[in-house]
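Given as structure tokens, the chain that follows is alone and in the form predicted on its own.
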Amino acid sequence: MTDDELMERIARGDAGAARILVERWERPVFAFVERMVGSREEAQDLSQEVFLRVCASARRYDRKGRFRSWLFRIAGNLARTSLRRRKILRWVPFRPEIHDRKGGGARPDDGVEREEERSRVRAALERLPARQRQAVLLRRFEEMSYREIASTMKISVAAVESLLQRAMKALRAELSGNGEAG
């Protein structure tokens, strides 16, 4: 069953369809929100809110086969609202079980060097404006196309390109050590 079909069933009050939709999307939504807000506990709350809003909006959902973009738009909006409320931006630490791919002949200090590099990347990412960070996360972790990101963020493809270019320029400057993005 497609996401659009599930949304139609949810609009008719089918709790089973809602359960299927949540099971299908809870992990990617949670991972995205957690990376945005930097807190596992807050991400759990926000992810639940995302699905409450999805189900509450089922009757108004416009079936165009763009469920993923619509879902991540809701998640991104809630995460940015949460960040604005806190007025701080943090980056979630990378999980070693996901991001550490140890090679056969790794030196003992390689793990320390990788962790230092991840810390530098996290620090640079947390200094990005929320919309630039959202675009980077959608592109890098959700593997969305520019068109999908544009749909998700309700901006043009050119605006996505601009956000990503500015973000990458800022990250390169930060990580090269000169700290100047401009």
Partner chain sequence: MNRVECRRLEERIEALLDGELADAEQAALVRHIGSCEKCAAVRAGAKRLHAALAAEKRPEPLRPVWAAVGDRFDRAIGPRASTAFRLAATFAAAAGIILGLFIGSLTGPSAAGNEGTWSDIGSTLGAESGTSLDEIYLSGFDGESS
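These numbers were taken from a predicted model, which means no experiment stands behind them. Residue numbers count along the first chain shown, from 1.
Not on display, but discussed next: the form predicted together with its partner chain.
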(request) Give a yes or no on whether every one of R63, Q132 and A159 sits within 4.5 angstroms of its partner chain in the model of the complex by heavy atom. (result) no
(message) Under a 4.5 Å heavy atom criterion, is L125 part of the interface with its partner chain in the model of the complex?
(response) yes
(request) With heavy atoms only and a cut-off of 4.5 Å, decide whether L52 touches its partner chain in the model of the complex. (result) yes
(request) Could you confirm whether V121 comes within 4.5 Å of its partner chain in the model of the complex, counting heavy atoms only? (result) yes
(request) Classify R68 as contacting or not contacting its partner chain in the model of the complex by the rule of any non-hydrogen atom within 4.5 angstroms, answering yes or no. (result) no
(request) Using the arrangement in the model of the complex, list in sequence order the residues of 30-48 with any heavy atom within 4.5 angstroms of its partner chain. (result) F30, A31, E34, R35, R40, E41, Q44, S47, Q48
